[in-house]
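Let's start with one chain on its own, the form predicted alone, as structure tokens.
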Amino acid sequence: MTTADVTIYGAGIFGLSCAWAIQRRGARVQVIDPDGVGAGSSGGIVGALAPHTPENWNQKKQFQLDSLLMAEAFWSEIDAASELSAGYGRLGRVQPVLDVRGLDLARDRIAGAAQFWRGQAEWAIVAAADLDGWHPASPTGLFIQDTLSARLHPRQACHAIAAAITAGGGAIRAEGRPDGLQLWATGAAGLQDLSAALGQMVGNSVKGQAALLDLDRRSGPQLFADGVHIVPHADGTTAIGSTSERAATDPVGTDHQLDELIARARALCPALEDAPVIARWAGLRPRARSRAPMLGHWPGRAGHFIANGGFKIGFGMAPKVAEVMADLILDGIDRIPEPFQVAANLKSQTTSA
């Protein structure tokens, strides 16, 4: 007897969010992952849901905007169904203005936000006095503050979705028989498998390292400076992340590169100086060849689908990814932007490196 209409392989953010969206439309789902919920990069600790800059607008930026605007309702429903907390909060982001050129860019982006964000969020220039002491160092004394950025706790978010799925009658299993349609959302390992199956490289993995500090700034915005994300969580911790390492001999071990990142963060934000490190994390993040999430049909496999390549923006993209994949899998409606299509990652279709 068929136990599921859709089998999802991978209990990371793409697999779980797609399973949730599919189940909410009335289908039976099972999620299979031998390593458990959030075992890969989705089990991290940073959770910065931050937009691209509001300029040079394209399909990827529009998709991300739509997803970030969907996020509050998406996570609220999951929290209610699971009786757990994903730690979501749309509290914005603060970045330093480094110099005159940066100030000119910031002013241009105010206009861009007004045009592209359609009044649903703002990009503003503020002074230190407006930030209640929670900000990175700024040579100009000025900062960019946007109201679109949000945060959540990735590991907690994955467990909340998993609980919501099981509460609704779905199954999360370490192994099982593949029933019905099949969605492959298997992260870094899945990109390797897909590359082997298609006979060409469609993506790779990039190691990231992050740290969690015992510092309660839960009501403050996330900070971003010199490539470092500083993200206060709802549970009273603050995350620092992350490194981007193309070559890593130990995919899940932390080392001096994380120590250096922590030191940089403390130098950028003196409020972190005495906060003790309470957790360290490392993992491989899946990066598709096109640098956008890779979504759609698995070439040559009828009834098989792919959702992979979340890289650094998977959690921010998840609500919209779940919606378009549910449309495709259940209704055969393809609303996936061309840059996200699997074909965009094939050498016969693209010359991107």
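Start at 1 and count along the sequence shown; that's the residue number. Given the structure is predicted, the values throughout are model-derived calculations rather than measurements.
The protein also exists as the form predicted in complex with a small molecule; that form is not presented, and the subsequent description refers to it.
Asks: Residue-level question: is T238 within 4.5 Å of the small molecule in the predicted bound form, judged on heavy atoms?
Replies: Result no; T238 lies far from the small molecule in the predicted bound form.
Asks: Considering only heavy atoms, tell me if R28 and the small molecule come within 4.5 Å of each other in the predicted bound form.
Replies: No.
Asks: Can you check whether Q209 is within 4.5 Å of the small molecule in the predicted bound form, heavy atom basis?
Replies: Contact with the small molecule, yes.
Asks: Does E55 reach the small molecule in the predicted bound form if we count a contact as any heavy atom within 4.5 Å?
Replies: Residue-level check for E55: no, no contact with the small molecule.
Asks: Any chance Y9, A39 and G310 all have a heavy atom within 4.5 Å of the small molecule in the predicted bound form?
Replies: Every listed residue reaches the small molecule in the predicted bound form, so yes.
Asks: Can you tell me which of 124-132, 75-83, 276-284, 94-102 lies within 4.5 Å of the small molecule in the predicted bound form, counting heavy atoms only?
Replies: Answer to the contact question: 276-284.
Asks: Between the options A292, A326, L65, A48, which residue brings a heavy atom to within 4.5 Å of the small molecule in the predicted bound form?
Replies: After the contact test, the surviving option is A48.
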